[in-house]
Ligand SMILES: Cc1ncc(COP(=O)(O)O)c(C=O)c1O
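First, one chain by itself: the form predicted alone, in structure tokens.
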Amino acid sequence: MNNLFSLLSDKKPEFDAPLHVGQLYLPERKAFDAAFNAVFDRHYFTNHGPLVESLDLEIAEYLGVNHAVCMTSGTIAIMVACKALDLKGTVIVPSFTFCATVQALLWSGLKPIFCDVDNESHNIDTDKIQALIREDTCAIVGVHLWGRPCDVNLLQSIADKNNLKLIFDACHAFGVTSDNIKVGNFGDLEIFSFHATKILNAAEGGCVTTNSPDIAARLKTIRNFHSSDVDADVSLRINGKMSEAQAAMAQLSLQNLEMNIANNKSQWNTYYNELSSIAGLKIIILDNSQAQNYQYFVCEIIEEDFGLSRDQLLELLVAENIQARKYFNPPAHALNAIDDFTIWTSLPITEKLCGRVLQLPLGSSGSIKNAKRVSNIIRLANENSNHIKQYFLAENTKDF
């Protein structure tokens, strides 16, 4: 058994090069060169050039939303969105999210109130929100985690009842639908990331979508540090403009989006077919009656049934050059840097999930063949968990 795994023997790793979780979909080099040569020929590199203007319209059309306002990053987009809504006070947000969601709120002068998440959806627990609302609460932030939309209608009802703004972090959910309506159309506004690891990739970038012309005007004003053709009455501005280079990458990515989603889907389905029967491995299921981007294959490793902890399995995978990731670890409420600026009480589901959730490689570097190879390692780990557990116990004993 020992020679099955690189961690336990001198066996060569399963993969010669690291297999990463990020999407990392690149355009064809010929198309990339043509797009960037055109940027140089125009000598127009920033300040809302023609590519940024056309990208705003293309994204709005694709999502079926009235306005899309592109910016330099998803984090900046959240900060600008908070200022556009003139938010002040406390904001209810899940702790089980990428740290940038919460850090952007802090940069905006807001105080997060952490809410636990639902055990099945991993999205904000709508049953917990009402008890967290204070006199100074101004907004709810829902995160469409793993591309699975929040309960948008119920969250809107809670926000309306309490006169709160409703924001969605949609960084995982570009191209996904809820009730056959594309994400980007819900709440007061929604935020997307176009980081290199996302299914729509501008190398770096993001945008805010909204159906409100007034909010759109404020977004376009705040993302400028100078006057422009749109000048809403705002108190603060920032340099949040997307560059022409980013817009060129995003347009190429948008052209390839459906092809890349189809590639993701084939890998996602392979993982599902290979892993769904393994005890203690709980797959986070997507609703195939709705459009999906299959950006993530996520599972929970339940140690008492699988035989190994999530962290032990991860160590085994990394030794095989399978760069799976544990999410989110630590959760936002456990980050020392923000501890003095946030509010939270008991978050049992969040803390449980942080010890269980594992994301497997999927995207441009993946394939059906690779998904089968990764699945085989996981299956072998499960079948040989008793022996592998002894290895970890022996390694821990060495520390004493």
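Numbering starts at 1 and runs along the sequence shown. The structure displayed is predicted, hence computed values, not measured ones.
What comes next is about the form predicted together with the ligand, which is not displayed.
Next on the checklist: For the interface check, one of 151-159, 234-242, 281-289, 90-98 should have non-hydrogen atoms within 4.5 Å of the ligand in the predicted bound form; which one?
Outcome noted: Going by heavy atoms within 4.5 Å, the stretch is 90-98.
Item to check | Residues Ile261, Asn264 and Gly366 all lining the ligand in the predicted bound form, heavy atom within 4.5 Å | outcome: Per the other structure, none of Ile261, Asn264 and Gly366 touch the ligand.
Next on the checklist: My question is simply whether Lys83 lines the interface with the ligand in the predicted bound form - judged by any non-hydrogen atom within 4.5 Å.
Outcome noted: Taking the distances in the predicted bound form, the answer for Lys83 is no, it never comes within 4.5 Å of the ligand.
Checklist entry - Are any of the heavy atoms in Ser193 no more than 4.5 Å from a heavy atom of the ligand in the predicted bound form? => result Contact check for Ser193: yes, within 4.5 Å of the ligand in the predicted bound form.
Checklist entry - According to a 4.5 angstroms non-hydrogen atom cut-off, is Cys171 in contact with the ligand in the predicted bound form? => result Yes, Cys171 lies within 4.5 Å of the ligand in the predicted bound form.
Next on the checklist: Taking any heavy atom pair closer than or equal to 4.5 Å as contact, tell me whether Ser73 reaches the ligand in the predicted bound form.
Outcome noted: Ser73: contacts the ligand in the predicted bound form.
Item to check | Proximity to the ligand in the predicted bound form, single hit among Ile199, Leu317, Ile113, Val143 (heavy atom within 4.5 Å) | outcome: Filtering the options by heavy-atom distance leaves Val143.
Next on the checklist: Can you pick out, from Ala247, Ile78, Leu189, Ile301, the residue that has a heavy atom within 4.5 Å of the ligand in the predicted bound form?
Outcome noted: By the 4.5 Å criterion, the partner-contacting residue is Ile78.
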